[in-house]
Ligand code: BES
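First, one chain by itself: the form predicted alone, in structure tokens.
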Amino acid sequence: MKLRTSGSDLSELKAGVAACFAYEGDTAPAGVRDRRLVRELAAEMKAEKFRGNRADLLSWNADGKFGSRRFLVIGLGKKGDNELDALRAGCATAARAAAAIHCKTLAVRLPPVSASKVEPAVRAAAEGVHFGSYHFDRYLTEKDRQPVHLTSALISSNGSAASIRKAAAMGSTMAGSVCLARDLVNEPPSSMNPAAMAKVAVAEGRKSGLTVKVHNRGDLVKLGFKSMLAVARGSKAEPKFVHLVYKPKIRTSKTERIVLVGKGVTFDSGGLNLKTAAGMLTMKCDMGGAAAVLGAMTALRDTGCKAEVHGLLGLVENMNNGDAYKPGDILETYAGKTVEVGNTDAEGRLVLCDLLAYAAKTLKPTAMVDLATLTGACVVALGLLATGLFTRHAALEKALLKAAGAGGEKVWPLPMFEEYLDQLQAGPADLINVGQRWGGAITAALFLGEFLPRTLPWAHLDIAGPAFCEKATAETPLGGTGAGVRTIVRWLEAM
């Protein structure tokens, strides 16, 4: 989809569908200058008892009176109440509404904002249009089920032409990275196995100016990734460790070195602690953390990131054969610690612990963040929409929460109570990979923390809830969401 920008009034925009917005209690659309069009739309709003609540949608056929043949008015809710989130969702609604009536071109006129808010508003709008245009339909062969794709969209706003263009480009970059992560999650697990995902990482990474190295099973043996290799033993699919590197054009002794680590279990059967049939159905999304890291890395050049960033993807399948690792096994790890396997379905932390320890020792980062669809316990705690944030470092927590807010993602801090660590230190090995039933998201984070120096600023993002959408919204159809990409990119941008 080609995205263009303009400063023109809604009445002048030419598209199959032109959209504008209204806040709760408005009697006319916001930011429309043409008096005749304002009267027409205000009359329709009154006739339809349009209230301007979030997701309210009014459609009016202009019968050739203006530049576009059909107009939409979309509700944004109360003015001042998470306006950027509302605008992003409103633009996604406009894109889906246009496709629903088989229109391939869309124009939106944003509500007027102060000069300082133009770029954030346009960026959110651009993201929303792209998100609303997203479809994963490459496997649909029946023409009547194939969705209509927008070929072009135009965003019109007050503000300078240069600032509007810049913000729209940033929004498009962010959306492209999110949609890449969505595509990876949505692919069938037999198609998106470790080798296939590594191949995508090479192609997308190089296209985005990254250096990429893929390590195979032999390399993992030499590196000492014994815990990750144990998880991979039950599958014919060879495990892969992908290392992506972004370096800014200008580097000094003060340049931050950031490491992102992504859990990439491309399919999780649960291992010998086999999942239920229903529990396995969405387990192609268990590589959502690695997908998010790859997606975020591809945005760094275009967003002007000033930090050096390393993205580490641990790609394995957790399957069953005669060599699969077993409950009761004691595994060695890269860090030298031993781990008793209490449950083979707690495999993600066994992949991550090797990567985290390796990164801390060899890359010497100034900060590290891992992303993983790690625990059902986090979903119990926060539901399907929110990411759990675990860290012992207040400044990093504050920065990530601010970035999540700017990106429109729900992230909530959860504690790392040291007392719970006793649950993981009760067996014949240094650690056991699961604790008691209660507080499972916390004990998982504590387990990971045992493989890192306490002084290293590190955060764990458990995206098990929001990584996969089982109830479609305007911004996200069923399937992968790209959870975590916007938070990470915004965090790196702010450095």
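Residue numbers run from 1 along the displayed sequence. What you see is a predicted model; the values in this text were computed from it and never measured.
What follows is about the form predicted together with the named molecule, which we do not show.
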Query - Among the candidates 452, 469, 58, 434, the residue which, in the predicted bound form, approaches the named molecule to within 4.5 Å (heavy atoms) - result: 434
Report summary line: Among 123, 130, 263, 182, just one has a heavy atom within 4.5 Å of the named molecule in the predicted bound form, namely 263
Query raised in the report: Can you say which of 188 to 196, 338 to 346, 167 to 175, 354 to 362 gets within 4.5 Å of the named molecule in the predicted bound form, counting heavy atoms only?
Result: 338 to 346
Query raised in the report: Check 268, 283 and 373: does every one of them have a heavy atom within 4.5 Å of the named molecule in the predicted bound form?
Result: yes
Requested in this report: Give a yes/no on whether residue 442 approaches the named molecule to within 4.5 Å in the predicted bound form, heavy atoms considered.
Outcome: no
Query raised in the report: Can residue 464 be called a contact residue for the named molecule in the predicted bound form at 4.5 Å between heavy atoms?
Result: yes
Report task. Would you please decide whether residue 213 lies within 4.5 angstroms of the named molecule in the predicted bound form, comparing each non-hydrogen atom pair? Result -> no
Query raised in the report: Might residue 377 be said to contact the named molecule in the predicted bound form, defining contact as any heavy atom within 4.5 Å?
Result: yes
